[in-house]
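First structure 1, then structure 2: two forms of the same chain, each alone, as structure tokens.
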Structure 1
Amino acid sequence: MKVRLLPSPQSLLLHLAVIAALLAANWLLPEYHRGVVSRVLVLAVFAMGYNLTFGYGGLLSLGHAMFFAAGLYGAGLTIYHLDWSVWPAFGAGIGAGLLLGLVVGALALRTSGVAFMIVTLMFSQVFYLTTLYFTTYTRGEEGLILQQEVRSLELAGATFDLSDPSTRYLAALALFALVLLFTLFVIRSGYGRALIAIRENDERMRMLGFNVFANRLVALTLSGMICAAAGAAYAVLFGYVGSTLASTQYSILPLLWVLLGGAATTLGPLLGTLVMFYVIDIASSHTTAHLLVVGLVLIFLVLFFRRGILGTIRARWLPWLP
């Protein structure tokens, strides 16, 4: 049987159509919703990084907040204390995520199952407490505020103000589109098929001669880089760098977004993040007990969409969805 290693034309068209619709939304959405979707796009990149490890790799991590925070602090501290411009600061954030992914992966992947979950949680807690310990530089949960004048991007001889709502939206969309297409091609590559096969049966893959540890380490490192890119983008686009974004809550949230949208689906992280944001936003505008409403919505979705929204749609109607 011939195995297709490139995205099918219909799945590629679907992803390009989603990107085109999000681009058009920049001029169609009211100011408030454009700001919300900008934030959702950045956090959806965070969720896509998590999905690579959890959805496609089968590794349940509770420590991905440290990768997001590595990018956040890698970019934020270099801008705030060293006066770096946006591009090198963004690169420093991604580099921090790559390094952390390699180190944490090399140690944590010696465990599996519940032990892996606990080890990643402990690493994340160490990172969080470190940001609190060095309050002189990080200002702890109060955080650092990056002023408008240091958040300008030089590109092709032009200067873009990243605090401008339209520029911020387009920058967030550019990052989202790049990571979405990268993820799509990775999971359709030979490496991506091997990673999914390892998720399904790692013992069989070892018997076939695959290096399971190395494949998982690559997945965790790529995931760390993507999450760090989201963190670095959050710092330069929204101008805030604080310990709250490194807390355990930010390790749980991407898991919820991915489960809600559909684990191991490329567009599931975006859908899950978008739905969760608007459910909280709408519920909180009507009642102070908005978490009760959010809980009821989540129970409904778990009962009727057990594989997440897009995962269920793929299982029932559209098997070609990647």
Structure 2
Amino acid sequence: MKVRLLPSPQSLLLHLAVIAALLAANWLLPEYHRGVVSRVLVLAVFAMGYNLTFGYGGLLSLGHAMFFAAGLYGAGLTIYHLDWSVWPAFGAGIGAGLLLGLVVGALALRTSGVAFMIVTLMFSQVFYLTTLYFTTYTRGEEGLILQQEVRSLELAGATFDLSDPSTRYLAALALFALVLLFTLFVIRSGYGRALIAIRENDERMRMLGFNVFANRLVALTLSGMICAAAGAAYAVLFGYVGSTLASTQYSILPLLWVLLGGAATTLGPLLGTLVMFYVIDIASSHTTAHLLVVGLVLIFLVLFFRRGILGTIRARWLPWLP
């Protein structure tokens, strides 16, 4: 069998069509829904980062909130306290994610299975407690608000105001499109194939001479960077940086989104985030008990719908779906 490393034309077309549809949505959606979808796009980037370790790498981490928060604080604190502009602050956020991914990965990957989940959960908890401990700088739960004037992006000589709804939507979409195509190419590359093979049988890959630890570390570091990019984008687009976004709940949400959309599918994270947002949105207009909905959906998913929406579609009808 010939091994094809580049994405197939049809899957590439599908991804470009999704991006084009989201672009058109900027002018078609009513104001409220455009706001919701811009938030969903940023959080979908977070979910895509999570999907790289959980879906493709097969590593169930319960600590990804720390990577998201690393980007959030990396960008937010440098803007707030050091008056950095958006670009270097965004870079600082990603850099923080890279560093944290390397350090946490090198430590946590010494364990596996249940121990890995607990270790990542604990590192994330330490990060959360750290944001609370340095309340003088982070203002803890209450958080920092980034004012409109510091959230302007300079690109090709022009200045964009990221608090403007349309600009914000387009900026979120640009980041989303970039990460989506990046993921598509990574999982189709030789490295991506090795990562998936390690998920299926790490013993065999070890015997074949692959460095399992190094491959997983790369996955976790890439994932940390993507999640941090989402966090940094959240800080500059929505202007809020607070420790609630570092709490355990924000480690569990991407797991939920990825499971719902379909783990190890490139578009699953977007679909899962979008559906879950609207489920909660609709549920909140009927009841205040949205945690109940989240809990029931989680249990329902693991009981009856392990592959998620796109995973099921791929298994039944469209085997070429990446």
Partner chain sequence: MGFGPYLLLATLEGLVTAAVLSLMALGLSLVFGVMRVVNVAHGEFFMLGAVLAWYFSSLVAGDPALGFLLALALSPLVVALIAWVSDRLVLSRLKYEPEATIVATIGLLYIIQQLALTYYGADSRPVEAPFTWRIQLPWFGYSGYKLAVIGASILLVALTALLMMRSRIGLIMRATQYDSETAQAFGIPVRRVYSAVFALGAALAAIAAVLVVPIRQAHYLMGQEPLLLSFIVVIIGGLGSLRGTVVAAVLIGLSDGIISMFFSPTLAKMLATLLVALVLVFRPQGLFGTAAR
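Numbering runs along the sequence of structure 1, starting at 1. Only the largest set of C-alpha atoms that superpose within 1.5 Å between the two forms is called the rigid core. As the structure is a computational prediction, the values presented were derived from the model and not from experiment.
Peer 1: Please let me know, 1 or 2, which structure is the form predicted together with the partner chain?
Peer 2: Only structure 2 fits here, because that chain is the form predicted together with the partner chain.
Peer 1: Compare the position of the CA of Leu292 between the two structures after a rigid core fit and state whether the shift reaches 2 Å.
Peer 2: Yes: Leu292 shifts by at least 2 Å between the two structures.
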